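Below, in structure tokens: the form predicted on its own, a single chain.
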């Protein structure tokens, strides 16, 4: 028996009595964008966990609500989503909640909007649990791809440099990033829209920019960027600056 096979058997033996942890991407909002693999795992799991907001609502759960079974155990996980708050204790607590189910031999599916490893909250659970339990990540349709499809604007051509930029960054940093990108997505807009819009005007990019919010959801809106009210921009909004290359 070679060393690799021996290690694999040791790992399987170690985890044989525990449940498996799955982080599944549920897509940007449209329930039909859930992958077949994510759907299969979701319906098979005895435990389903998901992040909730201050009001107790969960976007990720709402996306797959029609696919849940009434006998499944649901585990809401509350985290503070404001950056000024330290999230570490909350992720620690959430990880231990899931560990209790996993140690009891129950498989756990954790829902994540978009893709789990693309700004997903599951990343923080993964780093806390993947060494203790067998863990699998199931990719999902990210907001970037969904928004491009809804806007009808190809993101990049040929050898373009494409960049994804959080709107929360200072204007000077945003300017530096946009200076070296042929195409870009600026996400997590929310209260940062006015800053980003002013910068795009300054850089001469406002005419190329496209605005969309809550892509693929029932309340999706595509608005000319000059008509956007900064006071109403949600967190799940982004600006696309597509490539200038023409086929």
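Numbering follows the first chain given and starts at 1. Every value quoted in this text rests on a predicted model; they were computed, and no experiment measured them.
Keep in mind the form predicted together with another copy of the chain is missing from the figure; the text below concerns it.
*Asks:* Would you confirm whether the three residues 127, 168 and 177 all fall within 4.5 Å of another copy of the chain in the model of the complex, going by non-hydrogen atoms?
*Replies:* All of them do, each having a heavy atom within 4.5 Å of the partner.
*Asks:* Does residue 216 make contact with another copy of the chain in the model of the complex, using a 4.5 Å heavy atom cut-off?
*Replies:* Residue 216: contacts another copy of the chain in the model of the complex.
*Asks:* Looking in the model of the complex, any heavy atom of residue 104 within 4.5 Å of another copy of the chain?
*Replies:* Residue 104: no, not in contact with another copy of the chain in the model of the complex.
*Asks:* Although the partner isn't part of this model, could you tell me whether residue 43 comes within 4.5 Å of another copy of the chain in the model of the complex, counting any heavy atom of the residue?
*Replies:* Heavy-atom contact with another copy of the chain at 4.5 Å: absent for residue 43.
*Asks:* Whether residue 161 contacts another copy of the chain in the model of the complex should be assessed with a 4.5 Å heavy atom distance threshold; does it?
*Replies:* Heavy-atom contact with another copy of the chain at 4.5 Å: present for residue 161.
*Asks:* Among 61, 195, 37, 208, which has any heavy atom within 4.5 Å of another copy of the chain in the model of the complex?
*Replies:* Checking each option against another copy of the chain in the model of the complex, the one that comes within 4.5 Å is 37.
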